[in-house]
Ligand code: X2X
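As a starting point, one isolated chain is supplied in structure tokens, in the form predicted alone.
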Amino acid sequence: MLKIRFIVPALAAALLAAPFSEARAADYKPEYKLSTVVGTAFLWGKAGVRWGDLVRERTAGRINIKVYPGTSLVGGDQSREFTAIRQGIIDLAVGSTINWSPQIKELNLFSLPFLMPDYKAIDALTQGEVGRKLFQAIESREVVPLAWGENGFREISNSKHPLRTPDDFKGLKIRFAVSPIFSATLTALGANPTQMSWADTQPALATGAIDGQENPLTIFIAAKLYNVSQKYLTLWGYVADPLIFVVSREIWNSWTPEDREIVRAAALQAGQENIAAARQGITVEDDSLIREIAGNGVEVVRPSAAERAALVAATRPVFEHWSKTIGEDLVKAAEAAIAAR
């Protein structure tokens, strides 16, 4: 009799759970809006499409995600994307650590000049304790982070001449997106940093309103920046831009636990696929993407060890200043993780 007393309530709870989950699923929105800064022709945009497709397939259409590229949900202003997620304008996003860093100061970690020397360094941060702390910082803003993706190391191009030393930067108008740390870094090198949305960048390059820009190579090739006078490309890998797959807290809480795990697993898979694609063709073992860029009339520059050291020295004051803003303990933890990689 003792066993029956405990089994019956448990059975009743199980029977009630199924119709409850179905009722909640019936109340799901007919469409969930997913934001990306760039279009779906870019790997970043494709990652958003892939995530949505996986979720739709695995939930049998209960969760129908539509991608809104080009930050179209916030009038093309990528600096407003994270705030719009918190406000409920955006339901999900595959977002840039750079674009969200004004709202989450800890994300400026990835923009510290020359912190990460290679892909193993990025992985040491995103896949370790530092990455968990950054996810906690995001979650404290009522946004649920699920997985890491990658936009890649940011390289710099311009229309005037090769960039090897700080002297080569002097006077050049270089576009940057959001974070003031980029402005400080370019200023330290003698350039004239110009803040501009991605939507306005290509026309400005085409007309000569600005001389150059910095972005991952996948963006450079997908946007065909060699057609807008970007004839000199320097591979300096001064910062990297991980992506983060997120859902607004309100939307996350509206889903059943089972569907949440489906969405999380899909984000992890889409993120892993995105990282692999973002690194394809730009490694020592496979430099096919770099050769493709060079084949379009672009002079690809690789600074020597001495030239790179001069660039690092010129930007070190920016590193030290921003470490205090980001949190010196977090920066030290990042440096230790990279050293131990």
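Quick caveat: nothing in here was measured; it's all calculated off a predicted structure. Position 1 is the first residue in the sequence shown; the rest follow in order.
Unshown form predicted together with the ligand; subsequent notes refer to it.
Note on the interface: of 174-182, 156-164, 119-127, 265-273, the segment with non-hydrogen atoms within 4.5 angstroms of the ligand in the predicted complex is 174-182. A heavy atom within 4.5 Å of the ligand in the predicted complex is found for one listed residue only; from D91, D168, D241, D259, this is D241. The contact with the ligand in the predicted complex, taken as any heavy atom within 4.5 Å, belongs to Q78 out of Q230, Q78, S101, T234. In the predicted complex, at least one heavy atom of S96 sits within 4.5 Å of a heavy atom of the ligand. Although the partner is absent here, I65 sits far enough away that none of its heavy atoms falls within 4.5 Å of the ligand in the predicted complex.
Residue contact check for S111: none of its heavy atoms lie within 4.5 Å of the ligand in the predicted complex. When contacts are judged by a 4.5 Å heavy atom cut-off, W198 counts as touching the ligand in the predicted complex. Heavy atoms closer than or equal to 4.5 Å to the ligand in the predicted complex belong, across 127-151, to one residue only: N151.
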